[in-house]
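As a starting point, one isolated chain is supplied in structure tokens, in the form predicted alone.
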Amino acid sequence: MNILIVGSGAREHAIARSLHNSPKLKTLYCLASNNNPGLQNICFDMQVADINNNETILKYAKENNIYLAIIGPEGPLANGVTDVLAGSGIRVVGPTKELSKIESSKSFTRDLLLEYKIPASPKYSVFDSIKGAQGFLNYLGNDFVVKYDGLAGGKGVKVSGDHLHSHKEALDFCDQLIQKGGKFVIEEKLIGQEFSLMSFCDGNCLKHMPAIQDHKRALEGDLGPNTGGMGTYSDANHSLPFLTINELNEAQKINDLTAAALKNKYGYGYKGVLYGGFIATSQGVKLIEYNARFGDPEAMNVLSLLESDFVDICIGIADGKLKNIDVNFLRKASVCKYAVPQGYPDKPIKGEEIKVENIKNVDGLFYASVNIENDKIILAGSRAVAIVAVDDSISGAEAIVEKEISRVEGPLFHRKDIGKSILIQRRIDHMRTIR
């Protein structure tokens, strides 16, 4: 069985490792955007190519008799790579172009939830010009968010109080988005604690993964610019210390209802990972946004905890037979931290060597934006390597990760506070004040 992974970050390294650990007879292939050494070591063949070119991916898949393809990043999904591969009889884990609008269009998702009466959205309005934007901002007051209605690599969202400090700044940002030729969404800013809930989905059946909390801010204490994610943690009960059972159930139900809404609207089901970015508020759980694939770093947490055969799960998704697959995760906690280049995210150092020889548990090491050049690991300009540990408690996993990530050498930094008891207690206290 030949399996293709599209993408080359730590998420794809985690996907490849989970596939590799399956006892099934298989050969792994990868189309990548950088020479990720972790993927090179696992895959029979890895090629650096334009992963946003559908024809390039299809040609490679046909040449290598690919049975199953797993799409890592959002770009190829939004470009319709699933439609192209499935059209040639290749099984795919990843939704069609039409259904991946759940990520590639913020307005699509908000309107879908409204149409199907899924009560998970804040107040919002969609604009394709500046007309009416001032009036809606006046209606919302000081608590607002402005979102580009498309993929922007995590840089298309600005929040009042954090990035925008007046209606004038908000309108200036709206103007910039109009110049890009895109629509934008203005919505109510939600107050609470954010968390991720990803679900395997085969078009009918959903199997939910453990809840995860990501840390977007670059610096300790949740300060500094937003990033792709500096690290994540999950708890042994598959919930989070600040969540109630009801809140976790609400998030799972929203994923269930959204998958059903997509099937009802388009006549066929969503196949892949449905990733809800949620926030627990005083008014219950609300959806911030959907992603149409595994999160990064969240993938490293859940796949490190996965007990079931990942190849079976992927085929179950692609063939619409997920209900027949037992999907089980270790009842343990996990912590993931990223080491990132100095200057990240705004002006990251590139081209410098890093060293990982002192890492004790290489199974907890995931390579991201690095290249292998002359047998040296070289920074490629974004998050460099992730370290994951699994333990009976969050604090136990955090201590292991902190020790390991401090052994990575090079011009890097990481957030020491992710998974620390003091930061988690702050989350618990915050939810107590708003419930």
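Note that residue numbering follows the sequence shown and begins at 1. Note that the structure is a prediction, hence the values are computed from the model and not measured.
Another form, the form predicted together with a small molecule, is not on view; read the next lines as being about it.
Novice: How about K263: is it within 4.5 Å of the small molecule in the predicted bound form, going by heavy atoms?
Specialist: Flag for K263 set to no.
Novice: Even though the partner isn't displayed, in the predicted bound form is V145 close enough to the small molecule, meaning a heavy atom within 4.5 Å?
Specialist: Within the cut-off, so yes.
Novice: Taking 4.5 angstroms as the cut-off for heavy atoms, does P122 touch the small molecule in the predicted bound form?
Specialist: Taking the distances in the predicted bound form, the answer for P122 is yes, it comes within 4.5 Å of the small molecule.
Novice: Since only the chain is shown here, I'm wondering whether V157 would be in contact with the small molecule in the predicted bound form (any heavy atom pair within 4.5 Å).
Specialist: Because a heavy atom of V157 falls inside 4.5 Å of the small molecule in the predicted bound form, the answer is yes.
Novice: Quick one: which of 324-332, 354-362, 286-294, 241-249 gets within 4.5 Å of the small molecule in the predicted bound form, going by heavy atoms?
Specialist: Within 4.5 Å of the partner lies stretch 286-294.
Novice: Would K106, E194 and K216 all count as contacting the small molecule in the predicted bound form, using a 4.5 Å heavy atom cut-off?
Specialist: Yes, because K106, E194 and K216 each have a heavy atom that approaches the small molecule to within 4.5 Å in the predicted bound form.
Novice: Only one of K350, K189, H165, K180 has a non-hydrogen atom within 4.5 angstroms of the small molecule in the predicted bound form; which is it?
Specialist: Of the candidates K350, K189, H165, K180, K189 is the one lying within 4.5 Å of the small molecule in the predicted bound form.
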